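In the form predicted alone, a lone chain appears below as structure tokens.
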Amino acid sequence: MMTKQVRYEALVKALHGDLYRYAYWLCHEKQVAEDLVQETFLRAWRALDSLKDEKAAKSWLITILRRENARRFERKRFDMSEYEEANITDTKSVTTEQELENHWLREKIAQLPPEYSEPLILQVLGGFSGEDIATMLDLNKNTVMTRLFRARNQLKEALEAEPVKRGIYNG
């Protein structure tokens, strides 16, 4: 039987990168993502004895991270301003074709209702199965699969309606 310290270090080593990528996707800020991951691992350390199946560690940690991210918004009040995010342009970075396409795709995923975007992000970025996503989001697996199907269809329709302008940047 492994000691708690050894189990914890193995989890951190194996899953830190995946958790950081997911956290960064949620908040789009390096420092906040690092804080979320650190807080996730702190909570994981405290509750490590409750993790009985090592195969479920990744989904367990993602669930903790999602809850930590939600706590950020419970504690914070945001000042709302009158602008639309889509109208803000990045004037500092040089955009390649792939970056343009990635930006377009992120924007379209962000426009999806949360019930469609969240399972899609967990599957694409986290590599989770429909069953894992169902467990994390407390949904039926068939519901998750339907939402993933609908999310992909909405992205496909968006692409057909508004193809990404390849190689053309009018920022």
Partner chain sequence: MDDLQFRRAIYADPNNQDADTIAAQQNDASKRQFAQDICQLDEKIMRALQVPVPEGLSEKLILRQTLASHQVQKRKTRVHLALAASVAIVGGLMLNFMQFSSAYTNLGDYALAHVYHEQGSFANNATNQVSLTSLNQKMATFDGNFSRTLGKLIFADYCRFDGMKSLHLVYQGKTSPVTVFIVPKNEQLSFSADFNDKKLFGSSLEFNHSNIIVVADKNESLGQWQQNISETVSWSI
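Positions refer to the first chain, counted from 1. Keep in mind that this is a model prediction, so the values were computed, not measured.
What comes next is about the form predicted in complex with the partner chain, which does not appear here.
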Worksheet item: Looking in the predicted bound form, any heavy atom of W60 within 4.5 Å of the partner chain?
Response: no
Practice prompt. State yes or no: in the predicted bound form, is some non-hydrogen atom of A134 no more than 4.5 angstroms from a non-hydrogen atom of the partner chain?
Written response: no
Worksheet item: Going by a heavy atom distance of 4.5 Å, is I109 a contact of the partner chain in the predicted bound form?
Response: yes
Fill in: Residue contact check: Y116 to the partner chain in the predicted bound form, 4.5 Å heavy atom
no
Fill in: Site check E9, Y24 and L120: each within 4.5 Å of the partner chain in the predicted bound form by heavy atom
yes
Response to the item:
Near the partner chain in the predicted bound form, with a heavy atom at 4.5 Å or closer, the residues from 128-157 are M145, T146, L148, F149, R152, N153, L155, K156
